[in-house]
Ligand code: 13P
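Just one chain follows, in the form predicted alone, and it is written as structure tokens.
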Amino acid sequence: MKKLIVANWKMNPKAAKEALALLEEVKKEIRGIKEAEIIICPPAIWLQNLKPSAAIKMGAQNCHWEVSGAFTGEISAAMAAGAGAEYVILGHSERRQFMGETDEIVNLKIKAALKAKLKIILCVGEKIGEEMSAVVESQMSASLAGLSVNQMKEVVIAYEPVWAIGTGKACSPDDALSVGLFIRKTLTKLYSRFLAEKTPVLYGGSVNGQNCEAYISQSRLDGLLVGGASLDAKEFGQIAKKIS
């Protein structure tokens, strides 16, 4: 299985020409990499400007659960797919914190995205002071409710502890290993051991060029969800080279 490297650009960059320039720089930095699947998730407004290539696939950062309607400011999963997205990030902690998204809303979005033939990157993770196992199991159970085994083949789980996102305080490789095993245990409980072993599990949260390799070699995870470091083409390229 190829390692997955997902770049979440969040609300960056601020102009189309900057987005295009960043993508071109990333292409140069990852040239020759064949053992990793690289997914760039820019703001939705730039999706049509940034075309996928043989080396790079595109993803959306969010979608609505309805196909169309009076939802000012939102985009549907079909719109994201039509603009070139193959993946969509759902359940990110920033959406939960600032937009009030619940697990039930995430579940509706996942089902809508699957109907639009998008692959899902489901984010789960606890806040500081919360018990990881209780939060992650609850988020997974509710967010994946009603999904069939076949639908689960299009789902990736990304563990992003809220306390590590953008703080520089990354989860230790040993802890990430434990969480990865717990996620697979939860998938086994919800579905089967076979599906649990086949579902890619990623780590995200203050990932950089110095700590990235440990999450693959020591934590035995299937890839990374990269935030701030993905806006630096050289560092992102370094991450891709180290884990591919």
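Nothing here was measured: the structure is a model prediction, and the numbers come from that model. Numbers follow the displayed sequence, beginning with 1.
Below, we refer to the form predicted in complex with the named molecule, which is not included among the displayed structures.
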_in the model of the complex, is there a heavy atom of the named molecule that lies within 4.5 Å of any heavy atom of residue 206, even though the partner is absent here?_
yes
Should residue 160 be classed as touching the named molecule in the model of the complex when contacts are defined as heavy atoms within 4.5 Å? yes
Heavy atom of residue 166 within 4.5 Å of the named molecule in the model of the complex
yes
Would residue 137 count as touching the named molecule in the model of the complex under a 4.5 Å heavy atom rule? no
In the model of the complex, the residue from 103, 94, 154, 74 with a non-hydrogen atom within 4.5 Å of the named molecule is 94
In sequence order, the residues of 217-235 that place a heavy atom within 4.5 Å of the named molecule in the model of the complex are 225, 226, 227, 228
